[in-house]
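Before any questions on how it binds or moves, here is one chain, the form predicted on its own, in C-alpha cells.
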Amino acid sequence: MVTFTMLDWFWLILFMLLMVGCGVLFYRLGKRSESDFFLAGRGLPWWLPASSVYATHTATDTPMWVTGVIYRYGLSGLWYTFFPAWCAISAFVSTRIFRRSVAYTQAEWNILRFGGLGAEMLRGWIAGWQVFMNMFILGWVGMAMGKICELAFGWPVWIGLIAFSSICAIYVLAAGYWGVVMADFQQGIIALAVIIMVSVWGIIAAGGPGAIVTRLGDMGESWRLNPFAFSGWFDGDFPAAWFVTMLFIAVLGGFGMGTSIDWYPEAQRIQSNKTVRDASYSIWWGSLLVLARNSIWAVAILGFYVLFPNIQETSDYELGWFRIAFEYLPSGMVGFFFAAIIAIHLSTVSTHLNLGAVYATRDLFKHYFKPEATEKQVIWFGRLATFVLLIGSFFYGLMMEEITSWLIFALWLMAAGVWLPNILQVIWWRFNAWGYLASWITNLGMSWLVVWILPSFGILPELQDYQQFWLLMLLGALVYIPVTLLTKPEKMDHLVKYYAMSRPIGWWGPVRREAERLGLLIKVEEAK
C-alpha cells in the first residue's frame, strides 16, 4: 500500500491541472472545423505527431505486457515487442501512399481504393469495427489502470478504470485532436523521463548490471540474457519459428495498411502532418522511440526477476515494473511517478476516444446518415461519440482480467486473416472490395474458432501463437482469393484515378499503362 506525502500530492494535482488546461487552452482551435477537431487542421510539423505516436503506444498496459514477456522469456521476449518495426517500412511506403489520399480514416480510404457497393459496405464495416475496437482498447487500458490503483492504494479495480479516463475525456471533448496531440507532447516527455528514472532505480536496487548478470548465473538463469534463447525450432514456450513469424509480420507489414492494430492511430497522425515528408518522419521517429523504450524496460525487468524470482501467476509478475517504483522510489517521488503513469494512461485514452469518434462521426454519421451536416453539427456529434465510447469502454474493461493474453490476441490473432489482404489492397490492382470484405468476415469467425472455441471442445489442439497466425492466414486465403478472382475487378477509370493520386507500389501494370495513356502521370510529376 502506498502512502502519499504532500510532495506526492503536489506532483499529481499539478499534472492533472496541466492536462485539463490543454482542453481549455485549445478549445477554440478544436471547435473551428471538422478538420481541426479530428486532424488539428492537417498542418502539424513532424515532431508533434511523432511524439504523439510514442506517447499513444506507451499506455498503462504496455509496461505490464513488456514485463510479462521479459519476465517469462528473458531478453528474447523483446521480440514480442518488435511489431512497431513495421513502421520502418511504412514510413517510406504505405505512409506516403495514405497521406497523398488525404482520407481522414482507413475506412474512408477504402472508397478511394475500391468502388461501387463493395466499397460502401467496406467503409461501413471498418468504421463499425473501429468503433468497437477502440472501445475494446480503451477497456483493456482502463483495466490496466484499475489494477495499478489496486496495487498502489488498495482501491477496487473499477475506480481506477473509470476515474482517470473520465478526466481525460474532459480535454478530448473540449479540444478534440488538438487537445490530444498537444497533451501527448507533454505526456511523452514526462513518460520517457520517468521510464528512465524508474528503470535505473530498479537496476540499482538489484545491485547494478554486473550484479544482475552474476545473480542470474548463480540462479542458473543466464539464458535470460540471450535475446536468441529460443526453446527450439518448433518446440517449447518460445520456438525460433515464432521469431521468424514475428520478423515476417513486422517487416512485410509495412507495405500494407491496417496490417497491425497500431496502423489506425498512426493513420490519424499521418494525416495530421502538413506534408508527405513530415508524415514519413513522424512515423519513423515515433516508432524508434517505442523500440528504444522497450530496451530500457527490459534491463529493469531482469533486475525485478533477480529481486522476485519464480512468480508463477502472469497477473502478478506483469505488475513488476510498477512494483519497482512503488516499493523502491523515495518518498516524494512516488507521486511524480504516479503522475507519469496517469500521463501514460491519458495519452492512450485520449487517442482512442478521438479516433473512435472520427470513425463514428465522419464514416457513419456524416457519410451514411446526414451528408448535409454542418461543421458545427459534425463537431457536436463527435463529442457525443466520444462520450459513448468512454461509457462503452468501462463495460469492456470490467470483462478483462489478464492484460497480456487479451493484448496478444488483439494484436496478432484477430488481424491474422486480414494481414495479407491489407498488403494486397496496396500492391495488387486486381484485389477488389469483395475479396477484402470476405477476408474480414472470414477472419472474424475463424479467429474465435481457432483460438477459443475448437480447442475448448477438443476438436483442434491448442496451438502456439505463431501456429495460430499461419493457420488463420491460410484459412482466410482459401476464401478471399477465390472471391477476388471470381468477382469483377474494380472499374479501370476508378483505379486510374486512385493510382494517379496515391502512386502505390507493386503490381499495377495495366492501371499504370492506362494512366500513362491518359497523360495523368505526367500531370502528377509536374505538380510535385
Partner chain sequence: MRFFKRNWTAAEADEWTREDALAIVLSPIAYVLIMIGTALSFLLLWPGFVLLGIGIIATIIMHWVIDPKLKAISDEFESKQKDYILDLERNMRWEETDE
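All values reported here derive from a predicted model rather than from experimental measurement. Numbering follows the first chain given and starts at 1.
Unshown form predicted together with its partner chain; subsequent notes refer to it.
- Taking the partner from elsewhere, no residue among L151, F322 and I427 has a non-hydrogen atom within 4.5 angstroms of its partner chain in the predicted complex.
- A residue is said to contact a partner when one of its heavy atoms sits within 4.5 Å of a partner heavy atom; S287 meets this definition for its partner chain in the predicted complex.
- Although the partner is absent here, G160 sits far enough away that none of its heavy atoms falls within 4.5 Å of its partner chain in the predicted complex.
- Its partner chain is not shown here, but in the predicted complex it comes within 4.5 Å of a heavy atom of R123.
- Mapping the unseen interface onto this chain, K31 falls outside it, with no heavy atom inside 4.5 Å of its partner chain in the predicted complex.
- This chain is displayed without its partner chain, yet in the predicted complex the stretch 221-229 from 260-268, 442-450, 221-229, 307-315 comes within 4.5 Å of it by heavy atoms.
- Though its partner chain is absent from this view, in the predicted complex it lies within 4.5 Å of a heavy atom of just one residue from G356, G397, P421, P84, which is P84.
- This chain is displayed alone, yet in the predicted complex one of W201, F336, Y73, W79 has a heavy atom within 4.5 Å of its partner chain; that residue is W79.
- Residues K274, T275, V276, R277, S280, Y281, I283, W284, W285, S287, L288, L291, A292, S295, I296 of 272-297 are found to place at least one heavy atom within 4.5 Å of its partner chain in the predicted complex.
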